[in-house]
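Next up: just one chain, as structure tokens, the form predicted alone.
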Amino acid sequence: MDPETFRRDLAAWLDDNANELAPPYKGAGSMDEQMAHYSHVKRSLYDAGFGRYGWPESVDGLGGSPLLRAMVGEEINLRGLCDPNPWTMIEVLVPTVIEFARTEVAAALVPPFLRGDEMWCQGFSEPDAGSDLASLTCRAAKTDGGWLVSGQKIWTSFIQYAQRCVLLTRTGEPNSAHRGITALLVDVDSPGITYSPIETMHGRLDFAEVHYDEVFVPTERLIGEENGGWQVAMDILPYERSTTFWHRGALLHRRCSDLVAHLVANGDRSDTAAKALGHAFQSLVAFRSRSRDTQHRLANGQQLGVETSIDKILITSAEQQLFGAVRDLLGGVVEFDDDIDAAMWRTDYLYSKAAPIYGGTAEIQRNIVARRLLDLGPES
């Protein structure tokens, strides 16, 4: 299906089903409410066919360009039908699992994830290995029929709702760096997995600290080659900065429109408001222009790489510009008001403070651009 026809048909279907797909809660809702509604929206899209386009037939997809997936996420976020964060896991993990996992494993496990019947999570970061993944220590030891995994991960999103985890483990010598890493697809209900939720400053339990105590993982759950997990990780990270960022960019555009509407309704047409909104909108347009190019390179089959660090830098700037303007222009709303609208602005503002950290810190991304794209030489 060509993208123009797809978008027209998708928009018409969303219009026809607006009441059915609207969140049943006020404001942001609890995490349980958000996740239940996410599953409902995913299932509805999948059963209508729209959630299957852009994915290969090998995982029950209907084929077509990855642009079709980007359009679905964009429309959902522009309409405020679903939080973009759970959607992230599909766009981050599924393309790599399709590419590197055994065909029969991907065929069996990916469709329930695409339909919203399952949630997956990603076990990369550790207390001493965040942006420096090559120093991870969570270990997988060979045993009959698979591996035994022991170690610790942190900042694992949505594990309390997840059935599977794409996990990076150390299988080589302790000092083997990226050459001794192996990726595994682990069942979260396996004996030996325990986790403790981490509350963020915006009051959510998005993350968890996870412990693995001799967790058995069957041989067929290997993703890629043994000791080839670094290649898997490097394949995943650009996806995190492509379609998922496009979805979040749509949310930011909607929230920018909400801010304009709020200011107009309250008669604020000051130069200060105009300047702050102009800077925020400029940042959003810069990101959108860059991200659009990334979506088309992905659709054309080009391999995404370190250049997606630019996308990360731009969306970080846009998010902070926008919600910084919210705090400055809606005096006291973020800090003191307790109604539903204020609570959502507060959540957005506090979440934006994490933007320079999640998905790779701003400092690391600028280093990558300087050293690997601009060839400015190694760090001194």
Ligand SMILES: Cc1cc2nc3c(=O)[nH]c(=O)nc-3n(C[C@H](O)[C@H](O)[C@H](O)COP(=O)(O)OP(=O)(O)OC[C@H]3O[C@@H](n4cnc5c(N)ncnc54)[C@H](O)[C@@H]3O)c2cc1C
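Please read these numbers as outputs of a predicted model, since none were measured by experiment. Numbers for residues come from their place in the sequence shown, where the first is 1.
Just so it is clear, the following notes concern the form predicted in complex with the named molecule, a form of the same protein that is not shown.
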Taking the named molecule as it sits in the predicted complex, is L148 near enough to touch it, meaning that at least one heavy atom pair lies within 4.5 angstroms?
no
Taking the named molecule as it sits in the predicted complex, is Y358 in contact with it (heavy atom to heavy atom, 4.5 Å or less)?
yes
At the 4.5 Å heavy atom threshold, is W155 in contact with the named molecule in the predicted complex?
yes
With the cut-off set at 4.5 Å between non-hydrogen atoms, does M89 touch the named molecule in the predicted complex?
yes
Picking from F207, F100, Y212, Y239, the single residue whose non-hydrogen atoms come within 4.5 angstroms of the named molecule in the predicted complex is F207
Since exactly one of S135, Q160, S190, S125 fits, which has a heavy atom within 4.5 Å of the named molecule in the predicted complex?
S125
Of these, 289-297, 140-148, 228-236, 117-125, which stretch puts a heavy atom within 4.5 angstroms of the named molecule in the predicted complex?
117-125
